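Have a look below at one chain only, the form predicted alone, in structure tokens format.
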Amino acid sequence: MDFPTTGEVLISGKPTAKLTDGELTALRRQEIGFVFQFFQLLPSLTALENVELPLLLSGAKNTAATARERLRWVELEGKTGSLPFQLSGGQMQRVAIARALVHDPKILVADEPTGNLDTASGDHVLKLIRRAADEFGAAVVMATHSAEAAAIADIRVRMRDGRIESVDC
């Protein structure tokens, strides 16, 4: 979605700067799941349809069953027909996590995933992100200002003004 000003980004050994737009799109659809602070759910689609959409775009089979399974995984199997406005912030973020994980990505990118949530919902979302890393083997890259969110990480990189300040393992 963005390119580095210096250095190089390799994903699965491929330098992303050399990929075509189509190859970048395929890479995002197959290898990377995204969770954003403001959910980015399509308001006219149900929870199930929001989760199913990446599978439909990639031409996958059994899309509804796979989407239902991911909604079950985030404990929202009873909300498949709900539109985003009918869900709480925590529920919307869990739908976003289900959508991000629906294609079993190797990398899960989470941008301030708890920034818009109350403490209880944020804790639930953090447990799901940690569980995604453990159960799916996804490498999680999370940007956060929250000490609680950072605490779930195996490796923490502290940045200030665009520069690495420390790395804690």
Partner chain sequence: MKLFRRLILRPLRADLTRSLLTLISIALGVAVVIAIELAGDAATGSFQSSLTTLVGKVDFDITANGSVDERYIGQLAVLPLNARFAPAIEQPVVIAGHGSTTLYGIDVIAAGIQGSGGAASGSLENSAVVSSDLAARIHVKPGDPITLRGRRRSQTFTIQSIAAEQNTGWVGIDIAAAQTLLDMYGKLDRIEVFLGPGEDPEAVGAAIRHIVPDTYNVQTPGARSEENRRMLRAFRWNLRILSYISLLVGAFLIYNTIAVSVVRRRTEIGILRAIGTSSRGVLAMFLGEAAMLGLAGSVLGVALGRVLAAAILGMISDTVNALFTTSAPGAVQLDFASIATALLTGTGVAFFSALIPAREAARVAPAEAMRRESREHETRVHSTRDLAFAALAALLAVILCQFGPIAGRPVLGYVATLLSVVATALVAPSFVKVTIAVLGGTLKRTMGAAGLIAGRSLVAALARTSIVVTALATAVSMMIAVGIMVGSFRETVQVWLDSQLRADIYLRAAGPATAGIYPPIDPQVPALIGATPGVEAVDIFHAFPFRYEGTQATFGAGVMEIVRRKRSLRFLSGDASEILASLPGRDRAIVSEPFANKHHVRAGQVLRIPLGATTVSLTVAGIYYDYANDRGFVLTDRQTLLRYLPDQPVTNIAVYVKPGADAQKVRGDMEARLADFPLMIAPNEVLRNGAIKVFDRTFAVTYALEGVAVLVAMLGAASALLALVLDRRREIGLIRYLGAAQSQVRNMILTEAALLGLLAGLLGLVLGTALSLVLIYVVNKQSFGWTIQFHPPVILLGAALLLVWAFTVLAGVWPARFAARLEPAEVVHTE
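This structure is a prediction, so every number in the text was calculated from the model and none was measured. Numbering follows the first chain given and starts at 1.
A second form of this protein, the form predicted together with its partner chain, is not displayed here; the remarks below concern that form.
Trainee: Which one, Q37, T66, S121, T144, lies within 4.5 Å of its partner chain in the model of the complex by heavy atoms?
Mentor: Contact residue from the list: Q37.
Trainee: Consider E165 of the chain shown here, and say whether it contacts its partner chain in the model of the complex, taking contact as heavy atoms within 4.5 Å.
Mentor: No, E165 is distant from the partner.
Trainee: Considering non-hydrogen atoms and a 4.5 Å limit, does its partner chain approach D21 in the model of the complex?
Mentor: Residue-level check for D21: yes, a contact with its partner chain.
Trainee: Under a 4.5 Å heavy atom criterion, is L53 part of the interface with its partner chain in the model of the complex?
Mentor: Yes, L53 sits close enough to its partner chain in the model of the complex that at least one of its heavy atoms falls within 4.5 Å.
Trainee: Would you please decide whether L45 lies within 4.5 angstroms of its partner chain in the model of the complex, comparing each non-hydrogen atom pair?
Mentor: So L45 counts as contacting its partner chain.
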